[in-house]
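In the form predicted on its own, a lone chain appears below as structure tokens.
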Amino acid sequence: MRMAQTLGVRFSYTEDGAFALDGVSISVERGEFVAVIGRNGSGKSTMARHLNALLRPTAGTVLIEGRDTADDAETWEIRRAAGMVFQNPDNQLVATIVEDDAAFGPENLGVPPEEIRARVDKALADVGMTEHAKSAPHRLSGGQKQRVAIAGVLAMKPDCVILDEPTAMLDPVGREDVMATAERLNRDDGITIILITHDMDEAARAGRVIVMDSGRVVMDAPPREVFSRADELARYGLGVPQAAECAQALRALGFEADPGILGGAELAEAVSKLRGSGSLDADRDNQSDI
């Protein structure tokens, strides 16, 4: 069964306004890690809110595990299946103790107390926050708060976690904490991850990248394919991961560098090979002669 599917979805925030989503049709399978990128106003966060039934399409259909988001009777089951984590964790934390916050969702679902305890313990362990179970959320770092917000979603036992720019307000350490948590949940627990991000390095860590512009899907492919189309991405106001940008600079200088390079380790290996062949040293010598 597909985790999520949108069929010709159109959406406008006003009756006579432009469409924030304009004919979006995508499908996400169970267990996928999908990143959605696009410049501000491209429609990526609007689409995320449709997948959690926070918004409903003006036209078209959104299905979560086969359930239609337009059906009021399915709303809570849809939100249990596809949990949402927002950009600012402070807007999602509701309790004064970490473990109480993680328990909030299942309590509202009517889960028995003994099962809530087990769910909270597992959720906090899954995000590496067990030792902070008795802490006050306001004393945590930004990355820790975001992991608590993720734990609150996990305690509802979702099949999918939608992360709407979850690292936008975090420092590098916090960003890595959240990304590592998302990767681990996807890899170890098989949870479907849909990551809305403006960070190309984060998107490169997904298994698939969807590019949106003006409310439409303009690319949908594995990261290596998407980020090898740098000129096309530039037309949509987007860049490429830093390692890919460095590899492009090497190619512009006449060096052989794989256009599929996305990460720092791959870039380091490529530079090492160039050094081993003497290409970089030869070029440096030629430049000094000039």
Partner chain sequence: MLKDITVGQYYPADSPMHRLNPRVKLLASLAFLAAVFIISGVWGYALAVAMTAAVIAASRVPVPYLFRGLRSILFMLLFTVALNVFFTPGDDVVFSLWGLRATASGVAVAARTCVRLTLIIVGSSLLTLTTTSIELTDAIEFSLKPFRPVGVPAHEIAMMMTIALRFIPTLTEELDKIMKAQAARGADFDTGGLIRKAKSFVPVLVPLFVSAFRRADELATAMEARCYRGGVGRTRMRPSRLYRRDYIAIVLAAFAFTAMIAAGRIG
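Here the structure is a predicted model, which means the values were calculated and not measured. Positions refer to the first chain, counted from 1.
One more form of this protein exists, namely the form predicted in complex with its partner chain; it is left out here, but the text below deals with it.
Peer 1: Thinking of Ala102, Gly105 and Leu109 as the candidate spot, does its partner chain come within 4.5 Å of a heavy atom on all of them in the predicted complex?
Peer 2: Yes, the whole trio is in contact, each within 4.5 Å by some heavy atom.
Peer 1: Does Ala123 reach its partner chain in the predicted complex if we count a contact as any heavy atom within 4.5 Å?
Peer 2: Judged by the heavy-atom cut-off of 4.5 Å, Ala123 is well away from its partner chain in the predicted complex.
Peer 1: Taking heavy atoms only, is Arg49 within 4.5 angstroms of its partner chain in the predicted complex?
Peer 2: It does: once its partner chain is placed as it appears in the predicted complex, Arg49 has a heavy atom within 4.5 Å of it.
Peer 1: Although its partner chain is absent from this view, report whether Val218 comes within 4.5 Å of it in the predicted complex, heavy atoms only.
Peer 2: Result no; Val218 lies far from its partner chain in the predicted complex.
Peer 1: Is it the case that Lys157, even though its partner is missing from this view, gets within 4.5 Å of its partner chain in the predicted complex, heavy atoms only?
Peer 2: Heavy-atom contact with its partner chain at 4.5 Å: absent for Lys157.
Peer 1: Which pick from Ser214, Thr130, Asn186, Gln92 sits with a heavy atom within 4.5 Å of its partner chain in the predicted complex?
Peer 2: Partner contact (heavy atom, 4.5 Å) among the options: Gln92.
Peer 1: Considering only 75-91, what residues come within 4.5 Å of its partner chain in the predicted complex, judged by heavy atoms?
Peer 2: The stretch touches the partner through Trp76, Arg79, Arg80, Met84, Phe86, Asn88, Asp90, Asn91.
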